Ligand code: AMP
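Take a look at this single chain, the form predicted on its own, given in structure tokens.
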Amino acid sequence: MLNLEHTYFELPQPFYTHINPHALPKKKWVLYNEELEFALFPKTLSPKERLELCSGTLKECEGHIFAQAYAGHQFGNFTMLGDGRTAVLGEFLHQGQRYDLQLKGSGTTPYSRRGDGSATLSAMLREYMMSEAMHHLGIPTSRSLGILLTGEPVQREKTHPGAVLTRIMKSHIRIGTFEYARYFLDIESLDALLNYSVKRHYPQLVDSTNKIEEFILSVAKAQFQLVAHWMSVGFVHGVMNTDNTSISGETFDYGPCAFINQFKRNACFSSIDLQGRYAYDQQGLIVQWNLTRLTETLLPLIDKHEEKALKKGQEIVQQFQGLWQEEYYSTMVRKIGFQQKSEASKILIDQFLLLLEKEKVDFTLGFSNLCRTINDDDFCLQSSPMKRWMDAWTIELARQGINQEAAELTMRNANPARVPRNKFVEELLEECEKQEGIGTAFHLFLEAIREPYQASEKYDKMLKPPDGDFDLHYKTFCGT
């Protein structure tokens, strides 16, 4: 057995509601991540235990399954929310780290509002594909353990097969959880959430005399690192609401996400993001906006005097821009061969991105080809502006004493050879829905993303960029 624990119940009861996932008499397997199970659990589960776990009927879960309450700013508008189609089964420990086990698409809860509590097979397969790709790219993320077909249809724009995903995450505490405590509960509940979150995610701060500020800044650092890594691989999350912003710094909820092909700084794929609020180049600003909301929730704990609390909160928020810039450029300059950022390397990465956009170059290929250009004149960009940039680039590498081998190694470790291509993902999901299962192509995709920084003719052809202006008309959906 898994020896599940439920420390979340240390919080006041309004933070959760006990539920029972819907019965699934017609359930059957679609996919199971045996490698993840072997990595996390002390002993392998029996086939029966696996099925019971991923359908919420494992005996040790009985009476302990719950849905979380939270609030959040969705596209800038504040509202009361909660787990409308998910259920937390419990927690387990692995190498000193606590993880949640959660079902997604497991039925209605008291927080479902007008939702049906269900999930489509294509949406759950997308989350599986994207979360595994992000993991192998080295980006913190929830992980997918398994997917079951429910045997029940789900009505969206058309009828889809229904499915339940089992996912693993350090926790599902989000900025929206703090917003819920601040604006719907009392100060004692907010304080309890803070102390629980610190103990669970930032235990080094438990005895700190400056715990609240250090907690906010720790969450900020984790989120800045996360979003900088998203942007370094051309990832657009698409729905960076505060209820989708984890305090642990993990990526989760992969509904309208996409990877950029032909580079555009304002790339936005979500069908409901009509103003481009969560576009590629807005993600750094939005994560700061979200963290400002977190800071606001904690003002009553910072100081009982409103003016003093507000002054301290403003001092914290004023640090965000500098911290973001530090993480962003420290991450991005590695893509052009620099281990440490400098003013010159910052200018060079900014210029390179402008050139990629102007020349309509594929984001992933533009950087991966740059890895070879020191020894290879056959680079994809041969325009005069690019040649001038390359002259300045090689001069700065030499000025910093970085030889070609060191620069290439840095770039190869920072620039994936392949990412999940939107066109391929959509075609694969459509095929899986038609057959209500997965086939050879899906398994080949999982192989291809396992070592994304290693070039491979076998996989690179499969995940090449689409022809034409595919991204101009490509739209993603939340899958709710």
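All residue numbers refer to positions in the sequence shown, first residue = 1. All of these numbers come straight from a predicted model, not from anything done at the bench.
There is also a form predicted in complex with adenosine monophosphate; it is not shown, and the following applies to it.
- Taking the partner from elsewhere, no residue among Glu179, Thr295 and Ile316 has a non-hydrogen atom within 4.5 angstroms of adenosine monophosphate in the predicted bound form.
- Looking at Asp116, you'd find a heavy atom of it within 4.5 angstroms of adenosine monophosphate in the predicted bound form.
- Proximity of Gln74 to adenosine monophosphate in the predicted bound form falls within the 4.5 Å heavy atom cutoff.
- Using a 4.5 angstroms threshold between heavy atoms, Tyr70 counts as touching adenosine monophosphate in the predicted bound form.
- In the predicted bound form, Lys312 stays away from adenosine monophosphate, with no heavy atom inside 4.5 Å.
- Gly84 is the sole member of Gly84, Pro140, Gly234, Pro161 with a non-hydrogen atom within 4.5 Å of adenosine monophosphate in the predicted bound form.
- A single residue from the set Gln283, Ser112, Gln400, Ser189 has any heavy atom within 4.5 angstroms of adenosine monophosphate in the predicted bound form; that residue is Ser112.
- Stretch-level contact analysis of 211 to 219, 341 to 349, 130 to 138, 74 to 82 against adenosine monophosphate in the predicted bound form, using heavy atoms and a 4.5 Å limit, identifies 74 to 82.
- Contact residues in stretch 242 to 260 (any heavy atom within 4.5 Å of adenosine monophosphate, taken in the predicted bound form) are Asp243, Asn244, Asp253.
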